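Take a look at this one chain, the form predicted alone, written out in structure tokens.
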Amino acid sequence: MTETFLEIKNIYKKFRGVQALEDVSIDVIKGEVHSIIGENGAGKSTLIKIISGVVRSDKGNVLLEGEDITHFPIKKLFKKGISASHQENSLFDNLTIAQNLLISNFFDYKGLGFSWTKIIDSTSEILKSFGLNNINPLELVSELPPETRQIIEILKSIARKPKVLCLDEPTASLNEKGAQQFFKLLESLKEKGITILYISHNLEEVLRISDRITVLRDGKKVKTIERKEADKQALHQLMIGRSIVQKLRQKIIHKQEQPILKVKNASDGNKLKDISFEIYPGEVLGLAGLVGCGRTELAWLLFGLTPLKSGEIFYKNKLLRNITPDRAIKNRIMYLPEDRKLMGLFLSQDLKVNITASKISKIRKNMMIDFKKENKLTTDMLGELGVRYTTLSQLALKLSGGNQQKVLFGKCLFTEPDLLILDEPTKGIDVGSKEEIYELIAKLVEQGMTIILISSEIEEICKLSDRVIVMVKGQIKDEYKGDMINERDITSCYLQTETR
């Protein structure tokens, strides 16, 4: 019989009247990859925070190799071999990569006897383990792109050489290449006997790397199953308590209508070159391609986050000049950004601010805020989107990822757009929340809204789009519509082009 290495016994945790975890017990075997999955708000991240000492449980125990480590301070848990990479970034932007990794081992140093040469050499070795041979350990974290920051966050947790490594959505900000490199690193850690607790919304990667999988639903443990017994459909059923029914929206083909948006030979002077396309009222136009192909740059150009250097943009038959986000919103164009934490939400502000900040004029009365109207409009929007929250004064930071994404949708819809640009609208949310977003998109289109959809999930693009434009290296490569829209041909189009 395999011996239990980490034992989680009857854990309870409540936040402001909300039961986040209720009587959760999990046995973890030494050296296994044990995935914990569930919908947003199921309690996964809370459980990881309890194990790693960030949050205290109300009741229950955590045992490591038979020793009760419940409520140990983080410093002591470090020494016991518990390390974690949380969903929220914990890096110090004003410090270098080497200094951030040093902090993870700070308690191992005595007095002031730091050897910076050894620290820099050690950092270089850690970076090389992830294939980051060309990154300077003395580079400031604030100057790193989001993907590299995510890698540093992961490496920071690995630098302590832990016995138990807790990873919460580690691949959320990684592209395909970065994710593959991460999986190789994970395999090497497993070969060294490190026990890994893994949280991810991506069921394909969960099925790829796991030895066993525990499913949580509404703060309770549903079941722990062996990998060989699991498939995506079975996990869907356990996560949400029902089978996923794929509802396909009736797609539309426009013939003689005037386009709502017409882009002619547009360029941003950097990534985008000679972009031309049209989109029609009530249509979903999908933008497909590899990460870095220019899709987000195009969204920024249309919303006025970057200036148009050459070409023309016509909206509702009028030439748009000197576009800015404020002018775009006044023209009823809105953009939902890819990174809700960095660009989308005010995480340290309440739900009222997050919903209404996009169009203050709707709640203004004689140059003052009409708080009664603000409360009503926020409540109506949150209710319409099915956001789970406690009070309107709750901080956005305290919501689960899926509910944060719904609030971001609410912020966009509060501006009453005719054209909505969605950049990775289901990134980092669970399968149940994804289906709710899909239904919302279908509802918005039925109401007459026009949508530009950017997604790295080709299945999502094919499912939701009336037409699909494939982008490669800042240019439009091809267009697909009707029966031509399929995963194989679209993927082949941008992969074959990129590898030539």
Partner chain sequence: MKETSQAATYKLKRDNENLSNLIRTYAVWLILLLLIVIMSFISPVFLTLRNFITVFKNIGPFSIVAVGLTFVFLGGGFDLSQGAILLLTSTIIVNLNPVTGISFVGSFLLCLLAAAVIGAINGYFIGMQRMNAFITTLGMRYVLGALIYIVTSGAVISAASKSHILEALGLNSVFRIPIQTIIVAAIIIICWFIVRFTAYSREVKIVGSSLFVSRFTGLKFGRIQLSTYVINAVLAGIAGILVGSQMSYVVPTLTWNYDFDAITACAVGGISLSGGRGSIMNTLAGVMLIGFINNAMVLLGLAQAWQSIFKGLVLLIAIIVDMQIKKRYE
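Numbering follows the first chain given and starts at 1. Note that this is a predicted model, so its numbers are computed, not measured.
The same protein also has a form predicted in complex with its partner chain, omitted here; what follows describes it.
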- Task: Spot the stretch among 184-192, 76-84, 347-355, 133-141 with residues whose non-hydrogen atoms come within 4.5 Å of its partner chain in the predicted complex.
- Result: 347-355
- Of D168, E153, E374, E424, which residue is found within 4.5 angstroms of its partner chain in the predicted complex when only non-hydrogen atoms are counted? E374
- Item | Listed residue that, although its partner chain is not shown, lies within 4.5 Å of it in the predicted complex (heavy atoms), from I119, L207, A179, I369 | I369
- Item | 4.5 Å heavy atom contact, P337 to its partner chain in the predicted complex | yes
- Message: Taking any heavy atom pair closer than or equal to 4.5 Å as contact, tell me whether L290 reaches its partner chain in the predicted complex.
- Response: no
- E226, heavy atom within 4.5 angstroms of its partner chain in the predicted complex: no
- Query: Looking at the partner-bound form in the predicted complex, is K411 within 4.5 Å of its partner chain by any heavy atom?
  - Reply: yes
- Give, in sequence order, every residue of 294-313 that has a heavy atom within 4.5 Å of its partner chain in the predicted complex, or say none if there are no such residues. W300, F303, L305
